[in-house]
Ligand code: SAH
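Shown here is one chain on its own, the form predicted on its own, set out as structure tokens.
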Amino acid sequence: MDFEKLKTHLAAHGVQKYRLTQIRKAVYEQGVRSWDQMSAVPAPLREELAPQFPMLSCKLAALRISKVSDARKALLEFKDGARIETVLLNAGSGWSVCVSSQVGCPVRCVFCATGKMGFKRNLSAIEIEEQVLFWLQHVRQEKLAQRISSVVFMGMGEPFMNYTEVVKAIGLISSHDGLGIGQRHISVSTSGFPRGIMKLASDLPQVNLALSLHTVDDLERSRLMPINRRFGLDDLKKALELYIKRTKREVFLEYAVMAGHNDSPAHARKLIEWVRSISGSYLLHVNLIPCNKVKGSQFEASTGDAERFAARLLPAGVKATVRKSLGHDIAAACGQLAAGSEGKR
């Protein structure tokens, strides 16, 4: 819901200011799904506002719930027919929402299902915020234990290619008048845009940064991630050093372990050397993710592959964690989002 437009509308029609506060509370605290559920707001006002200010600008096209982990995936459709996927995850410390920032993705990493979609359009700040709002409504409706405690920009799209709207969305998500999720509980993942990394350090220094790395060999990385042909590892190294210098914040290096492609002892040695060469390397933390299977892709790995790779990094003083893959059975894990057309399950 566009609360700025709602505020202007209410003021123009002489509606008392406290009504806006009541509506905000119903939407952001109670997670109501319709105007009919706002019992504190007079019925005539609800009937007037409902057609002009819908709760969400999107509708649910499909919902899938994992049978093996605390993961749920929603396929949302906007008025222009554009579809995106968003995920609700719980690894034990509260619910986290994985949001998309674009419809499709122009970066086209070869191991990612979203990249195979191509790029359709950017999402607006409100369309991004509404993904979190959708899951808030879901959590309230289903009476799920624990609250939404974090948001990660790790869904469809490259956040730094929609930078302005992503920054606005973070403002909406973290606003005390809105969802109120602190910026230290919001993470942005990039495939590697140095300018975006440096701007984030200045504009939102409290937000967590994650860099999709996957290998520290320029030729290999260019094959896996075409963006590396524009911005190579030296460019990323400089951007990371500047980011660390400005923010003094930990940076997460995402490394999808792909059996037979980037998981050898030689790959580990190169990664150790690259991490150590960065000024402020003590603030770098490698997140190892078993590469999730994507239809038509040759890339795959198991948790055991990631654990063996971690065992090579840790003795060298490189901080590393093997991340548990959630939602792989419903194609909701890293690299699997593709805005499919499957029906509800």
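Residue indices: 1-based, along the sequence shown. Every value quoted in this text rests on a predicted model; they were computed, and no experiment measured them.
Beyond the structure shown, there is the form predicted together with the ligand, which is absent from this document and is the topic of what follows.
Asks: Out of 269 to 277, 156 to 164, 135 to 143, 121 to 129, where are the residues with a heavy atom within 4.5 Å of the ligand in the predicted bound form?
Replies: Comparing against the ligand in the predicted bound form, the contact stretch is 156 to 164.
Asks: From the list C112, V97, I173, L200, which entry has a heavy atom within 4.5 Å of the ligand in the predicted bound form?
Replies: That would be C112.
Asks: With the ligand left out of view, which of S189, T247, N90, N228 would have a heavy atom within 4.5 Å of it in the predicted bound form?
Replies: By the 4.5 Å heavy-atom cutoff, the listed residue in contact is S189.
Asks: Taking any heavy atom pair closer than or equal to 4.5 Å as contact, tell me whether V27 reaches the ligand in the predicted bound form.
Replies: Result no; V27 lies far from the ligand in the predicted bound form.
Asks: Would A306 count as a contact of the ligand in the predicted bound form, using a 4.5 angstroms cut-off between non-hydrogen atoms?
Replies: A306: no, not in contact with the ligand in the predicted bound form.
Asks: Report yes if any heavy atom of D217 sits within 4.5 Å of a heavy atom of the ligand in the predicted bound form; otherwise report no.
Replies: D217: no, not in contact with the ligand in the predicted bound form.
Asks: Within a 4.5 Å heavy atom cut-off, is C334 in contact with the ligand in the predicted bound form?
Replies: C334: yes, in contact with the ligand in the predicted bound form.
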